[in-house]
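Read the single chain below, which is given as structure tokens and is the form predicted alone.
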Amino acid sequence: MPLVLVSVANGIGTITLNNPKKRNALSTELIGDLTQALEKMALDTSVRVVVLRAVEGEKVWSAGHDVHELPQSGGRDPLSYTDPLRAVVRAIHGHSQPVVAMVDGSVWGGACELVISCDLVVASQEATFAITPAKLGVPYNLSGVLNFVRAASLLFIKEALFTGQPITAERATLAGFVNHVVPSKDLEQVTYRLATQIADNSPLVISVLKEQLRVISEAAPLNPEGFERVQALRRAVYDSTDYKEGIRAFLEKRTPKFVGR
């Protein structure tokens, strides 16, 4: 079975995450296929907008990073610039067509960033979002944290990151994390109606607007010293005992015992 499904109809391209056995974990292979699907959509002149979704009826939209692929012994940045998630986030940000996330079920860890990297988010009332690096002992990378800060209020993002607890779609909407929340039975209809409204407009203007908004949102520079300091703090985490414990506990399906060193 392909890890992602691709279809095009009425100016709307649909990319469907299709690995329910592994809860659509963001493995290198799945993200590679997703990135290729986005590239294919970008080359298709009939596509005006892309919908990113999971298979209908799945309880988990995506489980986030495939933890089995993260380094288990520490000593190496688990979320560097070359991490597959970083690559697909950059692909969505730079994609010429708007990408709409259609979310039903739970979203975990790095998959939350995948969702908010999309241009619009439509979620069912049953959808939840849990940003979980603190539960794993994994120091999230700077660009990822910045993407979260751009997507919602700072207080909301602090609570989501510090607690790692699932947050309802309705709360996420109030914080600016999600555009629309609808009953599950209406999710597909509302999402594709929104996509159709976009597809009916000028694709040239939409493409320019998307790029303008990206450039403006990324206009604030980061002081090199500040960047280096954050990287040093992150390095101390992925070199720590807690990092090894968090990964080991996840693989052993138990609660981690963090000691703060």
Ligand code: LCV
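Bear in mind that the values here come from a model prediction, so they are computed numbers and not experimental data. Start at 1 and count along the sequence shown; that's the residue number.
One more form of this protein, predicted together with the ligand, exists but is not displayed; see below.
Of the heavy atoms in residue 109, some are within 4.5 Å of the ligand in the predicted complex.
In the predicted complex, the ligand lies within 4.5 Å of some heavy atom of residue 25. In the predicted complex, no heavy atom of residue 97 sits within 4.5 Å of the ligand. In the predicted complex, at least one heavy atom of residue 132 sits within 4.5 Å of the ligand. Every residue of the trio 60, 64 and 68 has some heavy atom no more than 4.5 Å from the ligand in the predicted complex. Residues within 4.5 angstroms of the ligand in the predicted complex, judged by any non-hydrogen atom, belong to 109 to 117 and to none of the other stretches in 168 to 176, 185 to 193, 88 to 96, 109 to 117. Checked against the ligand in the predicted complex, the residues 102, 136, 127, 160 give one hit for a heavy atom within 4.5 Å, which is 136.
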